[in-house]
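First comes one chain, alone, set out as C-alpha cells in the form predicted on its own.
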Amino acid sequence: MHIMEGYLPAAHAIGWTAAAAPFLAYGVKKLARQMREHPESRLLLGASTGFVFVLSSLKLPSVTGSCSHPTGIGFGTTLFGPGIMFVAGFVVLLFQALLLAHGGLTTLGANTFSMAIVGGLVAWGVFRAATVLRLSSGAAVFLAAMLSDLATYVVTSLQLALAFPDPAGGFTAAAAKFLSIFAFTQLPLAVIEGLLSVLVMNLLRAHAAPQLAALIAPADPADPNS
C-alpha cells in the first residue's frame, strides 16, 4: 500500500497532504484528551502503535510504485477509536519513511489518508455495526481488521488510478487494473490480519481486562468484561 517516495505527481502529493491534515488535527485533540483522561492507557496505545509498525513493515512486492502488507490499523481502532489511530498511523508512516525508506515524505499524505484515515474510519464503522448487531467480539474484531485492510488498498488503487489513468480507458480502467493486481496479495493478507487481530485481542482480554475496560471504543455488549 505504501506509495514510494517521489512516485506521485507534485499536485497529487500536495492534495493528499491537504486532505489528511484536518483529520490529523482532529486526531491530535482526541489523543491529548485520551492521555489526559486515561493516562493508564499509554501502554496499550504504545503496543497498538507497535503492532501497526511491525505489520505494515512486512511488505510484499505488488503494483509498481507500491507494495502489499497488513496494516494493523483496524485492531488499534477497536481499542481507541479512529481519531487516535489517525495520529498513530501517521507517526508509523513517518518513521518508516525516515528509517526504512518504506513509503516516503512526498507520499506521506497519500499513504496516511489511505491507511490511517480511511482504514481507521472503515474499521470503526464495521466494529460499531457489528456490536449493534450483537456479533461476537471475535467476529467484530475480525471484520473490522480485515475490511479496514481491504479498504486501504481500494483507496490506494484509486489514488494510483487518479495519478496514472489508463491511456485508453482512463481512470476506470486504471482503477480496475490496480485493484485486480492488489487482490492477489491483499485478500489473503487481509484474512490473516483479521485472524491475528482476534488472537491479540483475546490475549489482551485475558491479561489486561481492566485496561481494556477503560478505553473509549465500545466493545462487545454481550461481554461482561467490556
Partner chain sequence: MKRQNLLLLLAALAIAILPLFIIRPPAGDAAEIFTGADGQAETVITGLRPDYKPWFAPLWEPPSGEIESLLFGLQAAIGAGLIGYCLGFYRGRSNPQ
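Residue numbers count along the first chain shown, from 1. This structure is a prediction, so every number in the text was calculated from the model and none was measured.
There is another form of the same protein, the form predicted together with its partner chain; it is not shown, and what comes next is about it.
Taking the partner from elsewhere, no residue among Ala25, Leu150 and Ala213 has a non-hydrogen atom within 4.5 angstroms of its partner chain in the predicted bound form. Contact annotation for Leu204: at least one heavy atom lies within 4.5 Å of its partner chain in the predicted bound form.
For the chain shown alone, Met35 is not a contact residue for its partner chain in the predicted bound form, no non-hydrogen atom being within 4.5 angstroms. In the predicted bound form, at least one heavy atom of Val92 sits within 4.5 Å of a heavy atom of its partner chain.
By the criterion of a heavy atom within 4.5 Å, Ala13 is counted among the residues contacting its partner chain in the predicted bound form. Taking its partner chain as it sits in the predicted bound form, the stretch 108 to 130 never comes within 4.5 angstroms of it through any non-hydrogen atom.
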